[in-house]
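Coming up is one lone chain in structure tokens, specifically the form predicted on its own.
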Amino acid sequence: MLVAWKYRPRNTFIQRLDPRTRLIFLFCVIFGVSIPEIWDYRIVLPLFLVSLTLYLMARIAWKDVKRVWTYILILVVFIVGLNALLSARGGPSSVTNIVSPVIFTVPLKIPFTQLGWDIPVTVSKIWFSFNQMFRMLTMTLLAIPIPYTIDPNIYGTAFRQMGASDKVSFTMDLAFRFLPTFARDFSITMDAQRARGYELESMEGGIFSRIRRLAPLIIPVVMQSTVTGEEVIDAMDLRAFGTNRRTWLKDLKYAPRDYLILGLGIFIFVGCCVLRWGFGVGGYFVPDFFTNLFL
């Protein structure tokens, strides 16, 4: 049986929005902030503040998203931010071409050899790292509330009324439900193995030894996921899914507040395009106030 995220009704402005509005707004912000030439903090920071405001308006309890935020912050800070800090990859060439003070160097050595090199960390790289993290967080703040504040029964309806086909809409509906279903099966399997005396907390040894000891968890979870998938396929076949155009139980309607948010999303996307390609604004540079902090 497929389950959903920890959704529950909340009487908030965000939850009263049409789900199509929130998805379209998310796409507008993602496409706007992801324009390769947009690196100006005067554009990125206001978009981050808009996303943060909408996230806080969703009023999601911290206990519901604490684990999600832990994984995301590890990804953003230690992978995205650290990669940008050391290599400056994923950004414009001006990050490394700008003459910028070197704050410190990070020595990297190849184990058991004398080979290695020193990586300079400059003010420009530090500022670029901040830019990358804020860009990622801007998109994350809008994406996290979606599974917690949108009724899982209308995922498929939302995508269908956005113009997607029945197959695509149903695929997206199942995709939103698969991950929490997988997490539930994994949790049940862990509890079952603990009840049989299997010690999961005291795993020792190398990485291959740990992977081998996880087999009593991985195999049952994969088998259960396979069985669940087959049950869904059988249920769809019994209902002749795909043989004809299907109808959807719910019918979504836009309200005035939806047009307001849609207008804001379109304004953000078009504004980013016009600023960058129309006026040449948005290129990467290090502001003087940030450079002065290290002088």
Partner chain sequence: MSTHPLVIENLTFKYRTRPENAIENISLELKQGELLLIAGASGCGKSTLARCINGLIPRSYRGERRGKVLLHGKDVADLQIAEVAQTVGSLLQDPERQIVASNVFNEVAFGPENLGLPRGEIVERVDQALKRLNIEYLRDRETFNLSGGEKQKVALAGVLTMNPSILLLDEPLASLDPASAHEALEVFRSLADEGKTIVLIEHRVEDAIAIKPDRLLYMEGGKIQYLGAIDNLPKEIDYTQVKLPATWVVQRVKELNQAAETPTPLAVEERGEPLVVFEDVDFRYDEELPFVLKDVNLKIYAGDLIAVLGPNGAGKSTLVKHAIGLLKPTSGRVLVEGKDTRKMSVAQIARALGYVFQSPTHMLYAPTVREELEFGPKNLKYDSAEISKFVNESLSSVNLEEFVEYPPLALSFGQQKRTTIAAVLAMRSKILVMDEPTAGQDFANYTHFMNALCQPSDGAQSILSANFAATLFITHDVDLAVTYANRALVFGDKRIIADGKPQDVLKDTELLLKYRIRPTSLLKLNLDLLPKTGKFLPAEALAAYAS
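The shown structure was predicted, so the numbers you read here are calculated from the model rather than taken from an experiment. In this text, rigid core is short for the largest set of C-alphas that superpose within 1.5 Å between two forms. Positions refer to the first chain, counted from 1.
Form predicted in complex with the partner chain: not shown, discussed below.
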property	result
Options 150 to 158, 117 to 125, 98 to 106, 131 to 139; stretch whose heavy atom lies within 4.5 Å of the partner chain in the predicted bound form	150 to 158
Option touching the partner chain, based on a heavy atom within 4.5 Å in the predicted bound form, out of A183, A192, L82, V168	A192
is_contact(P92, the partner chain) in the predicted bound form, heavy atom dist at most 4.5 Å	no
The partner chain contact in the predicted bound form: M223, any heavy atom under 4.5 Å	yes
Contact test in the predicted bound form: I146 vs the partner chain, heavy atoms, 4.5 Å	no
Non-hydrogen atom contact G197 with the partner chain in the predicted bound form at 4.5 angstroms	yes
Contacts with the partner chain in the predicted bound form - residues in 216 to 247 whose heavy atoms fall within 4.5 Å	P216, I219, P220, M223, Q224, E231, V232, D234, A235, M236, D237, L238, R239, A240, F241, T243, N244, R245, R246, T247
Core-aligned CA displacement of A143 at least 2 Å between the shown form and the other one	no
Yes/no, P220 Cα shift of 2 Å or more between the shown form and the other one with rigid core fixed	yes
